[in-house]
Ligand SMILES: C[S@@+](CC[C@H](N)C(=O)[O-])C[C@H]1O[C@@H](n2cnc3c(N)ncnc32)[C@H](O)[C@@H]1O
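To begin, one chain is listed below as structure tokens, in the form predicted alone.
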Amino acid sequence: MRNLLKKITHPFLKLGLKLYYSKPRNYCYENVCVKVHPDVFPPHLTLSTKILLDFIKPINLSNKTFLELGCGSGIISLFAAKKGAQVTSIDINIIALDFLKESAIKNQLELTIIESNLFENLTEHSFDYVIINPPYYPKNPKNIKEQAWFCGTNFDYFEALFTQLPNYKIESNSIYIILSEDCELDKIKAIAKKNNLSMKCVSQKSVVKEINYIFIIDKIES
């Protein structure tokens, strides 16, 4: 029943949410503010962005290299930069990146911003921290906006992600991904394992009766 309710209240289906996201809206965390375009993943009423922000808040990021894969609004990237990290933000959505550039200027923070489908246009391979807030609904996206929500009926996003991710996992770095209890966790873990990667839960938080998990991704020892 709860899964059905989530589908009914999905932002693409409920008129009220469509109206709410019909114009750019500001989102702030710890005095860092971004303007979020309607075609960009909305941190306002979703849970994952706030959970990730709270998760990285106590981490010492001073002079650490930090990659946000699929940055969306970029609020996580900007907060990491405020904490002293050297941040690279990548996304496939040009509108998201243009708005993020403006937000970086307004917050007087430096970011390296790259248009890229996953790691496609990324030349640097070594980051101390990698943060991933992925799409996980198994449906084919119809446009750039839906790519922030839908991973493809065959979990194409995760197939591509976990194929490429081993190139960015080094012994000393930390790669984190957030997922909801409502996604097909076993399927996603199986795709990771197929690519010699493990997913270990390091944090879980229940908000509005939905549990979100943060996993750390490591290579499986031979």
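Position 1 is the first residue in the sequence shown; the rest follow in order. Source: prediction; values computed, not measured.
Not pictured, yet referred to below: the form predicted in complex with the named molecule.
In summary, the region of this chain contacting the named molecule in the predicted complex, judged by heavy atoms within 4.5 Å and restricted to 91 to 99, 105 to 113, 78 to 86, 122 to 130, corresponds to 91 to 99. The named molecule is not drawn, but in the predicted complex it has a heavy atom within 4.5 Å of Y157. Although the partner is absent from this view, Y176 stays clear of the named molecule in the predicted complex, with no non-hydrogen atom inside 4.5 angstroms. Interface membership of F41, defined by any non-hydrogen atom within 4.5 Å of the named molecule in the predicted complex, is confirmed. Taking the named molecule as it sits in the predicted complex, the stretch 100 to 131 comes within 4.5 angstroms of it through a non-hydrogen atom at S116, N117, L118.
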